[in-house]
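Just one chain is shown here, as structure tokens, and it is the form predicted on its own.
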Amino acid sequence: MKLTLKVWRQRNSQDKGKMETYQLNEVSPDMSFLEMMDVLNAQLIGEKKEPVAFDHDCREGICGMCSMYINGQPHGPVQGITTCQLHMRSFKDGDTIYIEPWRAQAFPVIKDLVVDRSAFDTIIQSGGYISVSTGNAVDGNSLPIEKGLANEVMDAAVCIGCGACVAACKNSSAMLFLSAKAAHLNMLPQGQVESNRRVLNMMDAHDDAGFGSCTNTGACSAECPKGISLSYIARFNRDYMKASIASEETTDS
């Protein structure tokens, strides 16, 4: 396959950045998208040029590092997969492919296609945990969890924090990420004790990081490689309202 690549190049966070054009003439349809990027970088290095910086780690759709905006879609044209799981057979010989980083105030570009997603870490640090005493691990059967609830919790816990939801949202909201991370703790008995404090703190961290408000258009869920449901945002909104009322009542008393 012969491809024309339009790739965003940006030296650092202060650089204005621009699209640059590259030609690849021997791309196998069996390559993954990241393998194609490796081929591009090998070509650039051979030409004594700076290779394209991009995030990657597991290359198995687990870590969420491979964040690329491909032809206007987070992770590319195939739903339910990450960039590393996208294969070049999804494109045609002679295609022009536009490759850009996530665009969000809370995800500043570090270099080329690499963005700083530490804002997600700040949200997790604010409440994405359960406070427990140290000591031996609790027996797995000491708190039986109903099967349906366990399944719903696991559906939220599969979020890999890739940021596609933010990239897809016209307001750059992280509500899908936020709600999934809160839900898989708040829905379990172990996490319900801190649920009010958790949702309030995580929402404050979300807003302080510069993420926008939820648009309710559903683009986040549609582009999520793990198919996180919008229902978790609705659940979070209910939990947040309850926590806000409880906080006001505590203050008044």
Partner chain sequence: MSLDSKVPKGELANKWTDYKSKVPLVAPNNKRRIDVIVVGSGLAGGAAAATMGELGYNVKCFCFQDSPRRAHSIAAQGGINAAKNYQNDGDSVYRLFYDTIKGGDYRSRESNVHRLAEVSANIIDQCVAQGVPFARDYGGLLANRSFGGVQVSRTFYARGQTGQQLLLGAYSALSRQIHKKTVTMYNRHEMLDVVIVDGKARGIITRNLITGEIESHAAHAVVLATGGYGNVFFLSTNAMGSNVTAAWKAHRRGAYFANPCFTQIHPTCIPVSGEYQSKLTLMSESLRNDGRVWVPKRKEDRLKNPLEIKEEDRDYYLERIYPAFGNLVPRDVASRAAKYMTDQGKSVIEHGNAVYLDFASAIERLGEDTVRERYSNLFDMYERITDENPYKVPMKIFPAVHYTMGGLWVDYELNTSVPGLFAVGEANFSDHGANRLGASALMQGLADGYFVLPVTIGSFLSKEIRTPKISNDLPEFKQAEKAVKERLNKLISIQGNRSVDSFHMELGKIMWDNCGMARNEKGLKSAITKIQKLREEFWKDVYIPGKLNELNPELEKAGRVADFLELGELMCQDALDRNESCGGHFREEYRTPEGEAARDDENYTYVAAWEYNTNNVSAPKLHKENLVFDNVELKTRSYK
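Positions refer to the first chain, counted from 1. This structure is a prediction, so every number in the text was calculated from the model and none was measured.
Separately, the form predicted together with the partner chain exists; it is not shown, and the next lines address it.
Undergrad: I'd like to check something about C58: if you look in the predicted complex, is any of its heavy atoms closer than or equal to 4.5 Å to a heavy atom of the partner chain?
TA: Yes - in the predicted complex, heavy atoms of C58 and the partner chain come within 4.5 Å of each other.
Undergrad: Is S28 one of the residues lying within 4.5 Å of the partner chain in the predicted complex, judged by heavy atom distances?
TA: Yes, S28 lies within 4.5 Å of the partner chain in the predicted complex.
Undergrad: Does any part of Q73 reach within 4.5 Å of the partner chain in the predicted complex? Heavy atoms only, please.
TA: No, Q73 stays farther than 4.5 Å from the partner chain in the predicted complex.
Undergrad: Give a yes or no for R11: in the predicted complex, does one of its heavy atoms lie within 4.5 Å of a heavy atom belonging to the partner chain?
TA: Close contact exists here: in the predicted complex, R11 approaches the partner chain to within 4.5 Å, heavy atoms only.
Undergrad: Using heavy atoms and a 4.5 Å cut-off, decide whether L178, S221 and A243 all contact the partner chain in the predicted complex.
TA: No: no residue has a heavy atom within 4.5 Å of the partner.
Undergrad: Here the chain is shown alone; which of C214, L40, M65, A209 has a heavy atom within 4.5 Å of the partner chain in the predicted complex?
TA: Selected residue: M65.
Undergrad: Pull the contact list for 82-104: residues with a heavy atom within 4.5 Å of the partner chain in the predicted complex, in sequence order.
TA: Those in contact are Q85, H87, R89.
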